[in-house]
Every structure is written in C-alpha cells, then in structure tokens.
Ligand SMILES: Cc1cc2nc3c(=O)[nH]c(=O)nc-3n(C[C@H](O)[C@H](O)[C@H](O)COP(=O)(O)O)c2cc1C
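Single chain ahead, written as structure tokens, the form predicted on its own.
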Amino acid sequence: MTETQSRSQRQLHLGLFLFSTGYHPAGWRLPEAVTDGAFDPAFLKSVAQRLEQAKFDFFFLGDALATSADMQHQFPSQMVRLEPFTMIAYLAAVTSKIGLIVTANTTYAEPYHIARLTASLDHLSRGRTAWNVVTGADARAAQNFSRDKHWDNAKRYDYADEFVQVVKDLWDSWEDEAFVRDKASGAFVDGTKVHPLHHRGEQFSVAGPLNVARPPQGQLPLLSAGTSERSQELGARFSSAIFTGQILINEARAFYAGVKGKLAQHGRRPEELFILPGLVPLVGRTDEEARAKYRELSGLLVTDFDLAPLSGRIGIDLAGYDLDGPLPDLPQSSHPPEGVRALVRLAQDAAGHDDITVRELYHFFAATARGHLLIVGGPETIADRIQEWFETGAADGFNICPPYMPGGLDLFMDLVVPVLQARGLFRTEYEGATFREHFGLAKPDNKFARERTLQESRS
C-alpha cells in the first residue's frame, strides 16, 4: 500500500451507521459499553460532535417500523430507538458541519409529508440533511399500519419510484428567487416562481406547491440500500449514495461495477453516485489486542448454536460436527468453492490462526450475519483493508458500524482515521458546509426555473 496520495485525488467518504449498543450482538455486554445510549441525548450529542471533530461525512440513523423482544440476542441495537426525524432535528442543533441522514419509509408514508419534513430539516441544519429512501423489509410493519400484508417487491418499488419523483418536484415548487420580501411595494413573493404540481400518477394525486421554501441544497441528496434489481435501478436513477453489505471483495467489486454501469441510461456519470459498504472495524492498538477483544465479544454471545443458517451460508451441513473440532473439508460445499474459501479466510483472519473450529466459524458468522464486513486488527491492518477496497473498485467509502459503543468508535477515530489521513485518503478539514459539498456535488438548478429558461430560449 502506498503511504501518500495527492490531495487532488479521489478521497474516502466515511460515515457512522448508528447502532447505539454496537453492531456486534454482544457489544452491549462489554464492561465498558454503554447500554442505554439510544435514548440518552447527551450520548447522542457526544457521538455526533466527536464524528464532526474527526471530519466524518455523515451521521446516519436507520429505522424500522416493527419490533419484538426476540430480537434482543441477534439485533439488540435495532430493537428500540428514537424516531429519526426527531433525533436528527436535535443533532442539527448541536453540530455545525457533519451531514445528517434521516430514514423515511415510502411504503407507509405520503410524499407531501416527507417533502415537508425533509425540507424543514434541511433548513434547520443549513443544508446538511439527506434522505435515506427505504421501502421496508419487515412484513410485521403492515399490521402497524392497518394493512393485512406487506407489499411485494414490485409494488413497493412502483410506489417508491413515483413517491420520490413527487417529493423532488415538491422541493422545487418554490424557486430560490420566489421570495422578494419587498417592504416598499408590499410584494412578499413573486407568484410566477411558485409552482403547483397538479401531479396525477398511478399512485398519487398531489396538487402542490409545498408549504416550505426550497431547501438550501435545492435537492436533498438521496440514499438507498438493497441488492435487488429494483433497488439498484432506484439507486441508479435517484441516489447520491448507495449503502450495501458485501463482505467478500470480489462480490463488492461486481456490485460496484454493476450499479455504476446503470447510470448512463439515466444521464448520470459514475462520479455522481457513491457506493458505501458497511464496515465493522474491531480496532486494537495491535492486531493481538484487537483479537483479544474479538474473543471477548464472542464469549459473550447468547446463542443456542443453531448451525442451520451457517450451514446454508457455506453449503455444508454442519449437523453432527463437533463445535470444538476442525472444519469439514471445504471442497464438499454445494456452493462455488472460491466464495466459501474467501468467507472462511475472513474468519481465520479475525481469529488470528488458520486452524479455526466450527465454533470459531460460527462466532464470525454471528458477528457478520447482517451482511457487513468485520475486520479485526490494529490501525495499519484496518487501514490496509480500507485502502484495498477503495483503490480496487469495491467502495467509494464506508458506512462505519462500530462493534460496541462508544469505545469501538473512539478507537477507529483515534487510531485508524489518522492513518488514512497520513496516507492522503481522507480529509483533514471540511471543504464545504453542506451534505452535497462534502461529496463534491453541486446544487442542482430548480426544475421549473430550468424549464422556463428553455422555453424562453426557444421563443
């Protein structure tokens, strides 16, 4: 790995994906871990301000619309949490530079509501808000919104495609120059620069205009996630960034190239879309210190060692194998052997030795079952892997998911970020003040103003 890069070259983008008890299922059980941060404003404030000090691009809060107590041993951090618009509004008041991503589910919302909420947040944050567009993956949410069932993938994305376009049009319904506020004449607005939509579509009928002025960014950056063909198409059409969850670098490269390859058909360039995989950095001052923490976390898992999901992942039925015995011969897998070997290699790297047991492979699987890459090591080890993914077409940056909080995040910021900065891969100062500026994205022209200019040029 090279130690330096020109500051004019492409730079990493780093954000926090907040898991208040840590991404690792047992992260909250560490003696030093915070367990109630999800509802503690002082904790949330300190996390956001520390991220800003480290020059992170964004603070991101995911969301879900259903829950149950049986999530506590697999996904405790996502079991209960604050409503995202409320939390992000609070954080906007206690930060000044870091981007703030709010999640809103199109399946259980109306475009006018979301356009109003997001535009309001962009004003309150002075242009630091982005919207993570989700369609929902939890079928239980339907029962919380007076529905019999969760819509299928096709219906959700048909709804979302039109939903997002309506929101974008509502953001533009007031031109930037609409407010003249002329005390002498008494004219507060220029009515020719206020635009009802009169939208009539397959899913929505929306008159407009929005009752919030155009957001400071003009159009808020949109983010999305998912690997289905429809989710990739939505991302290629609308998104400024896509969150993804590959843990094998070859699969990540294929996803990266595939999504970027879809942009041209929407009139977009590859540099307009950023691919940000999830990364779980388990950092120590040395590799061995990090592995010791990994072993500690593994020992705190509450589990019945159900091997069926892991068996499916590696294509080998592990029933009957001794948990503390060696792994079965990998060539017997029903899956492509290179993928299975690569997965096992990651587990071996995390453990620090090749002769891992079935139990140790299970521990790695439990820590990565939700799809994000776990890297265990000292600062240079973590930085090397980040740089490899960044420079070989697998990522434009990472959505950081600390395994426990706040120490797991602190170690990444204190030890790994300086290495990335020394290598010229990550900023040492913010170069802009808005979310779009952090990603080098210009403020787009107003749709209606652009159309009027085109009409005038033809007349």
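Sequential numbering from 1, following the sequence displayed. Because the structure is predicted, anything quoted here is derived from the model rather than measured.
This protein has a second form, the form predicted together with the ligand, left out of what is shown; the following refers to that one.
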Stretch in contact in the model of the complex with the ligand, which is absent here, among 257-265, 301-309, 155-163, 175-183 (heavy atoms within 4.5 Å): 155-163
is_contact(S228, the ligand) in the model of the complex, heavy atom dist at most 4.5 Å: yes
Touches the ligand in the model of the complex: T135 (any heavy atom, 4.5 Å): yes
Close approach of H372 to the ligand in the model of the complex, 4.5 Å, heavy atom: yes
Non-hydrogen atom contact W171 with the ligand in the model of the complex at 4.5 angstroms: no
Single option in T95, Q387, S120, T103 placed near the ligand in the model of the complex, where near means a heavy atom within 4.5 Å: T103
Partner-contacting position among F243, W131, Y362, F238 - heavy atom within 4.5 Å of the ligand in the model of the complex: F243
Triplet F17, G62 and N399 all within 4.5 Å of the ligand in the model of the complex via a heavy atom: yes
